[in-house]
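Single chain ahead, by itself, as structure tokens, in the form predicted alone.
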Amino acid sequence: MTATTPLTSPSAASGTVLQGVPVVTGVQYAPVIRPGKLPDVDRESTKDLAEEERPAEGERFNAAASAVATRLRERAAHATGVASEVLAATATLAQDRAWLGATEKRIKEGAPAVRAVVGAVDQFVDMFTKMGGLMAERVTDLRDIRDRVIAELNGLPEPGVPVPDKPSILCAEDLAPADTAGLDPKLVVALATTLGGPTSHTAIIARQLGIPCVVAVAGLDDVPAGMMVLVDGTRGTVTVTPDEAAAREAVADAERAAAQAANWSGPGATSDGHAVAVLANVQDAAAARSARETPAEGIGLFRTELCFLNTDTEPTVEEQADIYAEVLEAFAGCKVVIRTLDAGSDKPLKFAGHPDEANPALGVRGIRIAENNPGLLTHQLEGIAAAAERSGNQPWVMAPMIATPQEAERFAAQARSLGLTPGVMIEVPAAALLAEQILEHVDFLSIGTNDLAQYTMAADRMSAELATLTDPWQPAVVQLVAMTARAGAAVGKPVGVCGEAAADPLLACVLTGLGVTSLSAAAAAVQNVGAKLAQVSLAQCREAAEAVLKTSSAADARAAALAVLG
């Protein structure tokens, strides 16, 4: 554990309440731990290697990078769900030929391995940062790989999160996927970071673990290891050395609420019986089987990207059908909504011929890939139809990144030709504004609040500096959700929410008040969302929604909902 140091900054004084963006609800009081840092090594050696030393140094580097990737893959194999996916993606990055080649080139020019690694990673960090979007998120991953490789080269233990000997709260500037994916929620009971946003890897893993999490916390860096803090994942606060009795009372209140949530067994409904389906988000069969152990009534979002990423060729229809069928069988007889491929130049497909784009988030992604690769969508829908026939479970299918009614019409016609029920994602403000026209062509809508917030607020959802703008409580985002829900109600067609907003129990009640008919969240959030809905009436949800729609900031919106719903 990092040694405790005395407080020197006024921002970390006792009783100080630090404000951040809430990600996972809950309250915890415990001492701070911080990730271990790589011991000082010579990263900037100016002495070049002799010509005859360079081949051996190149081999030494490749062995170190391979060892790091192997350990990450082994951890991925022992993890499940999102954690496994995140670790596998990091292992793939550790073996990415682009940065490995850049490092090898520097070694051949005479740089020692450590200096070559630092230089190559700095090169790609700069490139990824300029690209923005999901590529910018990989900066933390790449720096983490850099430090692990440097540790391996120097025969040092891998840097990372210490294993505490008692329940602790992990605070950091940012956390790499390899750190967060392996956490034990019995020992690391809450997370708080200076950087990160509501959709960062830290936030995603925290939801899977079911531990309170607050990100984008200003002043957190001044709180040292060993200091007692109270993390409130509902209000988005970190209180430094709070009154102990008050802190323990707040934790006890949260534990009572959690115990009540643990007893909720569905189906989703308000206290007066208004039905709201509570569903799970999954990305593979393992996650679907895990979600089946919760009271989730079905799957509101099956992300299909795993079928396509990390492969050099397009999966066959049969290969896709095998994967989809496993998920459909896990929720036999239940609603399953499958999202068609949502990739793009920020999540490039090796076989789709993506052009380089200055701003990938606004480029060829989602349904737009089908314009130049029509076979991709056709084959995927054929795979889904084959899986439906094999499993006997008829899924709904929805297209991501729809921006116009014409796009919705084309997708719906293709899906219906294969006997599938078509819908679209509402992620682009244009789609929310034209929801009535889009509903003339499809049978349902599903609001992806992560991207809707990003595009509405013109703020990269992976940017720590803009995390408050991409908060799903932003009134402009809530207004677009309300507009979409009204359009669905007018024609009697369902409108769900499958973004991270649905995992917030308080916001879930507001969404219900706006007219949303289903909520789909990470499996770990299902019980908390369902239990909170069961405690409030539809009238209360509508009152809270009306109050939120009158506000002009995310903080005010959250406070308005708390005032009504508690």
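Just so you know, these numbers come straight off a predicted model, no measurement behind them. Start at 1 and count along the sequence shown; that's the residue number.
The protein also exists as the form predicted in complex with phosphoenolpyruvate (PEP); that form is not presented, and the subsequent description refers to it.
With the site C-alphas superposed, phosphoenolpyruvate (PEP) from its pose in the predicted bound form keeps every atom more than 2.4 Å from the backbone and C-beta atoms of the shown form; the site is open. Here the marked residues D471, V510 and R558 all miss phosphoenolpyruvate (PEP) in the predicted bound form; none has a heavy atom within 4.5 angstroms.
Residues of just one listed stretch (158-166, 92-100, 111-119, 419-427) have heavy atoms within 4.5 Å of phosphoenolpyruvate (PEP) in the predicted bound form: 419-427.
Proximity of V481 to phosphoenolpyruvate (PEP) in the predicted bound form falls outside the 4.5 Å heavy atom cutoff. Interface membership of A216, defined by any non-hydrogen atom within 4.5 Å of phosphoenolpyruvate (PEP) in the predicted bound form, is ruled out. Residue contact check for T193: none of its heavy atoms lie within 4.5 Å of phosphoenolpyruvate (PEP) in the predicted bound form. Interface membership of T449, defined by any non-hydrogen atom within 4.5 Å of phosphoenolpyruvate (PEP) in the predicted bound form, is confirmed. Proximity to phosphoenolpyruvate (PEP) in the predicted bound form, taken as a non-hydrogen atom within 4.5 angstroms, holds for one residue of R106, R303, R138, R207, which is R303. This chain lacks the partner; the member of D342, D147, D174, E297 within 4.5 angstroms of phosphoenolpyruvate (PEP) in the predicted bound form by a non-hydrogen atom is D342.
Along 492-531, a non-hydrogen atom within 4.5 Å of phosphoenolpyruvate (PEP) in the predicted bound form is carried by C498, G499, in order along the sequence. Inter-residue distance, A501 to Q19 (Cα): reduced by at least 3 Å in the predicted bound form versus the depicted form. Three angstroms is the minimum change: in the predicted bound form, the CA atoms of Q19 and L452 sit closer than in this structure, by 3 Å or more.
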